[in-house]
Every structure is written in C-alpha cells, then in structure tokens.
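What follows is one chain in structure tokens, specifically the form predicted on its own.
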C-alpha cells in the first residue's frame, strides 16, 4: 500500500484530465453521478452512491453498433471506439458488477463492442466513506475487492492510500511522490472498509449463496402476485441496476434519408413488450411473471449459468422504486418466512474478471453482405427467398438453426433457415408481418441484405439417424421443419419410417404446394394434411380439423418413434398431450420454440425462458429437458 499527500493526489487527477477522458463522481444537487471531470475540485470521494452505475461506460444507454449508407445497396461500417478513459471513484460493489459484466459479455460469443470499451478503460476504485440508507453490500459481501481495479484509493483526509492493482495502474503513478504506508495507515484503511460494510447490513436473513434454493422453492409463492400488484412496470429498477445487462437494437435514419445507424439501447424485463414477438404474442404478459423473472434471473438463473449472484447490494433499485417493491432485502426476507430449509449452492456473490489483453476480432453485430438470388411467392403473406453470401462461402448451417436477416434502416429479425445444409445458397421462408419483413417482400433478385449467423442449436442429425420419425408442423412451423425434412428425404436410407403431418388454418395458407404434392406421391413416407376450416369456394383434398385430428389417422409406433413438433405456441400442449397419451416417451419428443431472439447470441435477454436462452440453448430442445420450465410452453 502506498501513501500520497492529498495535494499531490489532486495534482495527479488534474494531470490525468489534461491527457485523456477522465470520468469521476460529481455532485448533482443532493445526489451523485459519474460524469466527465473538468478539474480535481469536482471529484467527490465522500459520496454514498451514484444515480447510475458505471456500467454506462461499457454498455452505454445509447450506443452505435454500425453506420450505413442508404444510397447504396448494402453499405455498412462497424463503429469503432478507441478512446482511452479513466474512471475515478468506483466503489467496490460496482467493481464486482463490472467483473460480472466481463463474464457475461465475454464468455461465449464475445461482445466486441463491450470488449473494446473495457480494454480502453482504466478503473480507479475508491473505498466507501459514506453508506446510503438502502445499501446492503455488507450483507452481500461486496464492500471489499482485491482485484478488478487498476488502482484502489482510500481518502484519509490529508492523505490518500493507494493499492496498485495492475501495471497500467502503476504506470499512471510514475513521476508522483509516493511512500509506503505505515502499519497505522494500513489499519486505518481496514477500519474504513469494515465500518462501511457493517453499516451496509440491513438484516438480510438469507445469504446470497442460498438465494438459488430459496427462489426455486418459492417460484409459486403468492408473494410474487401480492408484490406485483403494486408494480408500475416502469423498469426503473433495471435501468439503475449495475447487474442488469439487457438491451434492445433498433435502426435510426437521418433526416436526409441518406444515412443511418443501428443502435443498442438499455432495455428491461419489467417492461411489458420485452418478450413480444413479431406475431404479437407476449410470452411474459403478466406483471407478476415479469417481477418474478427479475429476481430469479439475479439469484437463480445467472448463478446457475455463470456462477455468480447478480446483485451487489448497492441499493439503487430500492431507492428509486416508488411503490417500494424492488428491495431485494425485503423480498428475500418475505420469501424466507415461507421456507424452512435451504441448501447452500456452490455459487458466489461475485466472480473474477476475465478481461484479457487479446483482441476480440470478429464483429458480433455487423452482418455479412448477401445477395437475393431468387424470390418465390408461396401465399398472400409468405415468400421464399434464396440467398447467397457475397464472400462465396456456404452458410454452414444445420437444420433447425436460424439467421438474423438485416436491412439497413429497417433493422433485423431472426428467421429459421428452410433449406437443407448443402450448397452455397440457402433459403428462408418469410411471412410479411412487420417493417423489416414488409420491406423484404418488396425486394427482388439481385438486391442485397445482411446476414448474421447461423445461430442456435439445430436438430441432432446423428441422434435421429436410424430412427422412425413423425414430423408435426403447424402453419409457418413448416418453414424451420422443412430444412430437416429435406435432409431426411435426401438421405432417406439413413432413417426409419417417416410420417409428415401438416396443418394450417385455411387452404389458401398452405406453404410449398408443389413440394407437398411430391410428398403425397412418395410411397416411402406417410403424409397427411389438414385445415381448421375450408371456405365453400375453395378446393381441399385433405382433412378438415385441427392438426391433432391427424394423429389417430396415421400408423406409427409411439414408443419407437421420435416426434419433431414445430408450430404456433398454442399447438404444443395439445399435440404433446396426445402423443404422451399414446405412450410416446418424453425423451422422444423434440420441439423448436419461438421467442424474441433479438441478438442471437444470448446477450440481450429477450428470449430467456427461466434459466435458458432460446437463441443459444435452442431453438431446438428435447421436450424432457424443458418440460418443467414454467415459461417454456406458455
């Protein structure tokens, strides 16, 4: 530990301000904020907590992902951020939160935007002198850190104690007068740390390591409904939280209509439209479900996924919540009153930083240019697009995977690949529903689009090989299923008996009519089709009724057949129940789920079902693995 005179420290801060962007804690009325420092006189080390956490420097509220030129067919440019920055005064609990962000954004599919900002930022932490009324970092064991900073300072009045965390931090101090701390000064720093942690204990009855078990046992507690009745669904608690990382992505066009940019903005799971998909379904409609999801994500889902409790005890959420229902201490204590026995899971309130000096080279959010090679109209609302990447490479997808298709100025959307994995070209069946798909439906051969992916887990071809298969597709569900059907039919000798059941609302909505006619003629498969209703003026050679009415009409051995089910959410329960009633084992049922897969890589949070991300862990799942997840089939 080093000691620097206060006057020397202020000169040190002023020296940094002259050479780079220096952000620090400043007073804003009676509150405190992180903001750019104009001089060392503005820096406040005696603050209790800031309105917003320093996460805003690594995941900005408004961040440009790329810029595009609308005067050209497809012209995008990745946004670069090479600005060097120092943040002064970061409290230990916020450093813990940054370390958690490191693991979240740099585990799989490393986020290059986050990495660039993190790599170019030096953190000067500050031990806590004053404790806010709502803080409980003492209960969360986050009032002290021994890593995650370049320098850690403690204000001792006329002196500043400094711990050096990295060589970059040591380099900042070159040329300034330092001495070794005395035993008394070291003890004084320890006392300041301990005093702050003791003051930040608010009677949390359940250790953070036990939150996982508590939340699991309390999933159906009436407390969620009772608390949620007061919730305004404003999302403020998620915005001020240092461990809420969810975001949305949209396109903005300049007033000239010639240029634009794709931006990333903060989002929150308390907002009603957070899980809304293009067809209008909202998969977490009730406030109660959204309220419960927020706490389970922090104390149960992320601990399971990444090994840390995503709460650092800063108290920002409870200090900003008007109906006073966001406080984790109160919520956990209420739940604890209902549960007698809790196990201690092998999770930690925090985690070690994983930021490395190596580069993250691959842009995660910038699409590859591709050309539409063919367009075929299937119905009034569906078209088939054949696409080829401009780099000449094949997409490299597996049946069941999806891509994010991008049109600058209109955004991007997840679309399942509809063709089998052979050749350079791939096909997408797209329903005209929103702005992007409406624009896509106006495009023709030779037009350019952007492609990211393929993403997700597809169908396990090796596991299916040699098996009897029954495909059950409802409506647009035939699009993602077609990739697997095409593969199976091209490799027919590698599979057992094959049955295809397809249903939609009316004959005019039938997809792929020519292919279906070929399937009907084949003698090596069973094929049946149905519509819910058939208007008098339309011809129909199939059955009339919901798709489950087809199941009794085909011959298959339920115990020795694997079912692949894709369709609208309402269809799954009835189809699965019928198959189980026939004796089909749960492990023989495979489903592909739809959610709002905004980023495609498990970062934005929109597609989360309890503890899994549909875009990364799915969209193809074995029913047995997800049947007990309450949000999977809602």
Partner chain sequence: MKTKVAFFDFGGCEGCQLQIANLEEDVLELIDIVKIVSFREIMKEHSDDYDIAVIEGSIMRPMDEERLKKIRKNAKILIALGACACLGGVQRMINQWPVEESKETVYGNSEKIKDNPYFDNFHTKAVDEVVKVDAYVPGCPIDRNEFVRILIAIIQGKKPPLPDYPLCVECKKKENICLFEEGKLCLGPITRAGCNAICPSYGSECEGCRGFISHPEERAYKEVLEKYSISVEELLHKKSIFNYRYIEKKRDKNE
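Only a predicted model underlies this, so the values are computations on that prediction, with no experimental measurement involved. Positions refer to the first chain, counted from 1.
What comes next is about the form predicted together with the partner chain, which does not appear here.
- Of the residues given (409, 169, 454, 307), 409 alone sits with a heavy atom within 4.5 Å of the partner chain in the model of the complex.
- Interface residue among 266, 74, 495, 556 relative to the partner chain in the model of the complex, by the heavy atom within 4.5 Å criterion: 266.
- Looking at 445-453, 365-373, 99-107, 239-247, the stretch with residues near the partner chain in the model of the complex, meaning non-hydrogen atoms within 4.5 angstroms, turns out to be 239-247.
- In the model of the complex, none of the heavy atoms of residue 79 sits within 4.5 Å of a heavy atom of the partner chain.
- At the 4.5 Å threshold, heavy atoms of residue 388 stay clear of the partner chain in the model of the complex, well away from it.
- In the model of the complex, no heavy atom of residue 195 sits within 4.5 Å of the partner chain.
- The partner chain is not shown here, but in the model of the complex it comes within 4.5 Å of a heavy atom of residue 28.
- Contacts between stretch 249-265 and the partner chain, counted in the model of the complex as any heavy atom lying within 4.5 Å, involve 251, 252, 253, 254, 255, 256, 257, 265, listed in sequence order.
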